[in-house]
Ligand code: PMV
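The chain below stands alone, shown as structure tokens; this is the form predicted alone.
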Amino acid sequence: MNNKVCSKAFLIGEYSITKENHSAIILKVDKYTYADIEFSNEYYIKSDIFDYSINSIDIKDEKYQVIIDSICGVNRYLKELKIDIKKIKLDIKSELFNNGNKYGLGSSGAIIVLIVKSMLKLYNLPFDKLLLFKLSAIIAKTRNDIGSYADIATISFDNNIYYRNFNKNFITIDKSITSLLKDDWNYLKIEEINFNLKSTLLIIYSGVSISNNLMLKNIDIKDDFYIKNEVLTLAIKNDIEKNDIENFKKNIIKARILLNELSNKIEILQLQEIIENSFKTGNIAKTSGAGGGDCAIVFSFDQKNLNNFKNINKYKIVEEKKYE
């Protein structure tokens, strides 16, 4: 049985989303992680990211730990449903890496959602997008993954989304998964966005991979940043839905300025070059995610401007998507 999940890129809200009851807009990226899964007499787990496989989930393995924890999380859910747990053969392939370096498009979130989705389908269990998100988020939280889980939401819903973060303190290891799924996930909002903005999106890899958690730990966020970013997020959502290109351009520039005021470590030289070349050729751009590396996003509204940018761009274009 073959399954796949998409990846993601932040349009706005990458820092404010770390706080509960604050929001972000995240874009679906058509770079996929795939899983071939079947029942087996013995565990066999292989990812093309690593040069070895494992044959047990009762081990600690730094490279495979996200996969192991995800399988164990679903097994725990199956046990609560009184379903007999079977061993599996799992083969994972990913488009989210470049010569062993991640693009920063949500690789760990993609792995969790992929395994949850694949195992639920393998056991022929019904689920919708929200259950897929919640079960994946529970597994992430019990792994002590910090963050907003906006990546998990985007990948679970397989779409561009408006996401509002929630208080995760109620998710504890001593509670059953079935009860957690029924709990009130206060503040949580996941809304699929009609992307009506007529444009071409480029996602461009800076050549530098960075840990989002490391960036988050080293940046001090003031209250006024949250307030300003929330206003901008809602404004950009409105621009996208109404195809208001001029306001969208202005608000993306404001979002870039706001991020650079937050820290000069976000827009490293490589990202700065991508963004400035975008503006020079009549397009707009900003960093995506925590910055410090990974990717920039570029929007173009004119084919000539797009071609001019491509002619001077020396960085890898990971994704090109046309919104019509």
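Because the structure is a prediction, the values reported are computed rather than measured. So that there is no doubt, residue numbering starts at 1 and follows the sequence shown.
The discussion below concerns the form predicted together with the named molecule, not included here.
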I need the one stretch from 289-297, 29-37, 275-283, 48-56 whose residues put non-hydrogen atoms within 4.5 angstroms of the named molecule in the model of the complex. 289-297
May I ask you to check whether L216 falls inside a 4.5 Å heavy atom distance of the named molecule in the model of the complex? yes
Answer yes if any heavy atom of T233 is within 4.5 Å of a heavy atom of the named molecule in the model of the complex; otherwise answer no. no
Please run the contact check for N212 against the named molecule in the model of the complex: heavy atoms, 4.5 angstroms, yes or no? yes
Using the partner position in the model of the complex, report whether Y15 sits within 4.5 Å of the named molecule, counting heavy atoms only. yes
Of these, N251, S118, S148, S206, which has a heavy atom no more than 4.5 Å from the named molecule in the model of the complex? S148
